[in-house]
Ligand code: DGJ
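First comes one chain, alone, set out as structure tokens in the form predicted alone.
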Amino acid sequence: MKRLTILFALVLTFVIPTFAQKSCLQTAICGARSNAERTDYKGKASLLKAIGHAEKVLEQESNIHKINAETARLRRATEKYLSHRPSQWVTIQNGKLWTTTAGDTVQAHAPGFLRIGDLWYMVGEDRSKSWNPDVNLYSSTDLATWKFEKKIIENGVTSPELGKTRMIERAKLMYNQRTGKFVVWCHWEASNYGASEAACFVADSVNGSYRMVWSGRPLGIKSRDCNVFQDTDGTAYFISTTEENNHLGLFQLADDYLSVTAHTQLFPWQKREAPAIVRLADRYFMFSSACSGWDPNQCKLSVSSSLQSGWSELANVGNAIAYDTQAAAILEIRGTKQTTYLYVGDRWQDPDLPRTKTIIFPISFSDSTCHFAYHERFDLNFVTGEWRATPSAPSFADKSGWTVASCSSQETTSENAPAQHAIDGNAQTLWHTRYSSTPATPPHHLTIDMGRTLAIQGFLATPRMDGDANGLIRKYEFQVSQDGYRWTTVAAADWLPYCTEVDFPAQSCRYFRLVSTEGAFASLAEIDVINASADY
């Protein structure tokens, strides 16, 4: 009898494939097919042939070793195909609304990312219904062109509570290589933020049917703003603000990522949120922000050689409002020449919740520090892993003949911040309104004579880039004139987008004026206008 039991166990272990192993092969097939459909590289016919063979194995094979071997073969075939991706530069521009390949606005706020082959998948909050967001899924090969896949979590559909007594924030996506499943963790909240819970969803494919498997307070601990992290050994963690936003909680997940097994309290009483972790070699880098509602604040960095302990004191990165963003993710672009890391942040309420922006720019690390500098646009090469500042294009008008026609005031006593600095081509200098002796009062303005009549269709106001947010312009008017006396307002809002091009219908003018209509001070590093002939 004992021998029969052992024999039966061997049969179960070595002959009958587990559901997890078939799921892994199914995932490999779906990933390979999606990459083949969205790309056109050398060797596509060979990849399609490999996919067809894998589909037959999935359908007909019952030997666990052959299932695993086929999964490995298809992954190698996919990697070989993707290695033929042509080396090219992709421009990523910050501050404008993203649109899909169908022309719709991308709704994926507080995004989470997962890369499968050459396809990036992004999940995030659909804030078109501001306070009852669904969770949308998008895909892209270049982080600039996005295709809408589907709503993976939907109010009243995925769960009857959603859209009624519960809402979702900060959904994050992971793939579990052990089980072949796709897992979403999120903040699962009531309208008054009294629930303080998390929730977990799972699906068999990245754009499959997600179902809720758990919701509640992890290990009984109040949990709100959150993120996830997968370590190099496959161990996954859910990180959230805990106990009324006083601490950060690091929750280790079970092997299947569907439940919490352990908790470590981090940064007690420091009220940190929006944690985003990346690992470089044997060090972990965590970005986080203070709890200030929708308003931006100073991003801070902490470093440790262990997730559970030894985190360094919080150090400032970026400027006092971390370039008007709150951390969402850190992406790794590993190429043939180098690895580039991209910071992804939310620019909340720009200009309102449904039109909140997603911001991406490259960062780099050295020892225990991070070079964290904002870029309005940059170029990225997904093959080599390199990035560069976007080469100058004729979209911006030549400033060589410009002069300052007038300004409301300038500070030249306590600091060298004359109005001329706003057109000197150097983003490290700045114009600041007067604050010594008798401070200037709003409205503040800067008027530029371009020396000739130009047709323009927008402007770019670059805020001070020295880490200080003093004088940041919010409520504004942008005006144009032919003679410097009669003015037409062509753009105005309660929010001047941070270092973002503002478009308007083409205007012929010689003069333009930026007016800051409120605020004790105004400051500006550079002002540029966009040629009406610019095509991008």
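Position 1 is the first residue in the sequence shown; the rest follow in order. None of these values were measured; they are calculated from a predicted model.
Beyond the structure shown, there is the form predicted in complex with the ligand, which is absent from this document and is the topic of what follows.
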>> Given that the ligand is not shown alongside this chain, does R170 nevertheless sit within 4.5 Å of it in the model of the complex, heavy atom to heavy atom?
In response: yes
>> If we define contact as a non-hydrogen atom of the residue within 4.5 angstroms of the partner, is E273 a contact of the ligand in the model of the complex?
In response: yes
>> Residue-level contact is defined here as any heavy atom of the residue lying within 4.5 Å of the ligand in the model of the complex; does W348 satisfy this criterion?
In response: yes
> Looking in the model of the complex, any heavy atom of W269 within 4.5 Å of the ligand?
Replying inline: no
> Given that the ligand is left out here, which of D126, E411, D225, E197 has a heavy atom within 4.5 Å of it in the model of the complex?
Replying inline: D225
> Heavy atom within 4.5 Å of the ligand in the model of the complex: which of T242, N136, Q326, T433?
Replying inline: Q326
> Just one stretch in 305-313, 291-299, 261-269, 175-183 has heavy atoms within 4.5 Å of the ligand in the model of the complex, so which one is it?
Replying inline: 291-299
> Across 185-200, which residues bring a heavy atom to within 4.5 Å of the ligand in the model of the complex?
Replying inline: Y193
